[in-house]
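Before any questions on how it binds or moves, here is one chain, the form predicted alone, in structure tokens.
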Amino acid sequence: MKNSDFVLEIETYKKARRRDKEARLVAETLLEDKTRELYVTHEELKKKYNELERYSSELELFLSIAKLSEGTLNLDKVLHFFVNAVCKLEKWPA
């Protein structure tokens, strides 16, 4: 092998290593960006899920009160149920 061939091989190897390093840096940057986007999206979805869960609980409460109040004229019973349900919903001690 000639000396010039050897030098050419080394230069080719160095260029390939530089390209690989640059490609890795680009890939790492893209991966970090996508990971950040996924985290933000996950947090937004978690917040929306909690809101929907809250609305669902409130709806269940109102439906329960409506069913209870349909068949009774006992206002004390309805109010007692309502206060307990609101305390449960708000996680307050009853």
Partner chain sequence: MKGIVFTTLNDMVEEKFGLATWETLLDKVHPENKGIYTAGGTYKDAELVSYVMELSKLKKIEPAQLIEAFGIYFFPVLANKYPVFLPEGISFKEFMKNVDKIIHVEVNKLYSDAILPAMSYEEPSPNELVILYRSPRKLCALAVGLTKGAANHFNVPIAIQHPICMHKGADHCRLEVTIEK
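Residue numbers count along the first chain shown, from 1. Because the structure is a prediction, the values reported are computed rather than measured.
Missing here is the form predicted together with its partner chain; even so, the following discussion is about that form.
Novice: Would you check whether its partner chain, in the predicted complex, lies within 4.5 angstroms of a non-hydrogen atom from each of 31, 35 and 39?
Specialist: Contact check passed for all of 31, 35 and 39.
Novice: Under a 4.5 Å heavy atom criterion, is residue 15 part of the interface with its partner chain in the predicted complex?
Specialist: Judged by the heavy-atom cut-off of 4.5 Å, residue 15 is well away from its partner chain in the predicted complex.
Novice: With heavy atoms only and a cut-off of 4.5 Å, decide whether residue 21 touches its partner chain in the predicted complex.
Specialist: Although its partner chain is absent here, residue 21 would touch it in the predicted complex, with heavy atoms inside 4.5 Å.
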